[in-house]
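Coming up is one lone chain in structure tokens, specifically the form predicted alone.
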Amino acid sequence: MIKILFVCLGNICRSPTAEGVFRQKLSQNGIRDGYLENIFVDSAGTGAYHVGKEPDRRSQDIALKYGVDLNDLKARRITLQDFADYDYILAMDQDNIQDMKAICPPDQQHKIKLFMEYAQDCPGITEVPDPYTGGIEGFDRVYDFIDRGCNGFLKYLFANNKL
């Protein structure tokens, strides 16, 4: 089984959106996410600001506009065990990478990557900006980046794993 963890700061905007979008893309390709299937997808935050809360309403609204329902997701903070459990830990920005590397065991740090490294058609875009303090247009932009990143990561998974 392949286990994927999307990570942002508070786990209410970017990472739950990535979790929802990636699950939808897997489903469209005939792969169900879950412990009894080939892939398990989750998200977490490096901070504990919103633990137990559902994704930001603006993230939910934008995702729903594209047919992705995030309302069953709840924010959680990344744990030390996550570094051992997950095969891919995809950070939305460099701050998330630094925060994770500060607590991640050295032998697990190779799993931590910038999510946008996998994006297609996004030259020069290396991070998914945090839309939390801005307006709805920032959430729409973030959704576009995440969609492109998920497309690229899915292609990567198909090319490098038996799915």
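Since we're looking at a predicted model, the values are computed, not measured. In this text, residue numbers run from 1 along the sequence as written.
Here the subject shifts to the form predicted in complex with 4-nitrophenyl phosphate, a form of this protein not shown in this document.
Screening 117 to 125, 66 to 74, 103 to 111, 48 to 56 for residues having heavy atoms within 4.5 Å of 4-nitrophenyl phosphate in the model of the complex returns a single hit, 48 to 56. Taking the partner from elsewhere, Val21 is found to have every heavy atom lying beyond 4.5 Å of 4-nitrophenyl phosphate in the model of the complex. With a 4.5 Å cutoff on heavy atoms, Cys150 does not count as touching 4-nitrophenyl phosphate in the model of the complex; it lies far away. Residue contact check for Phe40: none of its heavy atoms lie within 4.5 Å of 4-nitrophenyl phosphate in the model of the complex. 4-nitrophenyl phosphate is not drawn, but in the model of the complex it has a heavy atom within 4.5 Å of Asp130.
Along 1 to 26, a non-hydrogen atom within 4.5 Å of 4-nitrophenyl phosphate in the model of the complex is carried by Cys8, Leu9, Gly10, Asn11, Ile12, Cys13, Arg14, in order along the sequence.
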